[in-house]
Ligand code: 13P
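Only one chain is included here, represented as structure tokens and corresponding to the form predicted on its own.
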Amino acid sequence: MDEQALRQQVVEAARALNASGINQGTSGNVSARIDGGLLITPTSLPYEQMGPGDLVALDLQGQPLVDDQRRPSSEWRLHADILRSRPEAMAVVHCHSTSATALACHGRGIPPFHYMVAIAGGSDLRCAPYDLFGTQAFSDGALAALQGRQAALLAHHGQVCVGASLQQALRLAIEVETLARMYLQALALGEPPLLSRGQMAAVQHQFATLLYGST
């Protein structure tokens, strides 16, 4: 895919965040890998006003690849660190979806209460500890929570998802929010029973056999 087409896809993914209801205003951010770095949404620009030319091209150390660009999202470090540490990843979606954020405000991840938790690549979804957004400590905590996973919650903040494509990362972010909402509703009746490691391993095997969520 040429860069102009990829820029258009990033804009569409960013707008889809708000249209899907999992993000509000200018919170959240979207990035995609390019040769030598990444494209990321700019800071403080409403998605409905954003065009492909407004995206910011950075190397994986955060240095601009193009002169006279907008300022990148304050979360650029999170995106760059994920893409640098995960060579298979092509896109990152970060948002402040309501139910996932509610859990994260309690420092809670999502345990294996439902088989679809395995869609993120493991038997649970972890919650990274709180640190100030945009800092290296914040990024490091998120990377640790993402070990062996495609998604994580971020304490007192939101969620982050990694994908082999923008579409995959966006679908996963929507699924994480759905799981978080279901878990909160299940908690109203008390802590729900959890699936065992063996049961979740069987789900992961089934997903891999069916290539579930891989595109």
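Because the structure is a prediction, the values reported are computed rather than measured. A residue's number is simply how far along the shown sequence it sits, counting from 1.
There is another form of this protein, the form predicted together with 1,3-dihydroxyacetonephosphate, and it is not shown here; the text below is about that form.
By the 4.5 Å heavy atom rule, the three marked residues Thr101, Ser139 and His156 all fail to count as contacting 1,3-dihydroxyacetonephosphate in the predicted bound form.
Though the partner is left out of this view, Gly163 does not reach within 4.5 Å of 1,3-dihydroxyacetonephosphate in the predicted bound form, counting heavy atoms only. None of the heavy atoms of Gln167 is located within 4.5 Å of 1,3-dihydroxyacetonephosphate in the predicted bound form. Though the partner is left out of this view, Ser97 does not reach within 4.5 Å of 1,3-dihydroxyacetonephosphate in the predicted bound form, counting heavy atoms only. Interface residue remark: Gln150 is not counted as part of the site for 1,3-dihydroxyacetonephosphate in the predicted bound form, having no heavy atom within 4.5 Å. Looking at 112-120, 84-92, 140-148, 68-76, the stretch with residues near 1,3-dihydroxyacetonephosphate in the predicted bound form, meaning non-hydrogen atoms within 4.5 angstroms, turns out to be 68-76. Proximity to 1,3-dihydroxyacetonephosphate in the predicted bound form, taken as a non-hydrogen atom within 4.5 angstroms, holds for one residue of Gln185, Ser44, Gln49, Gln61, which is Ser44. If you take 2-31 and check each residue for a heavy atom within 4.5 Å of 1,3-dihydroxyacetonephosphate in the predicted bound form, you get Thr26, Ser27, Gly28, Asn29, in sequence order.
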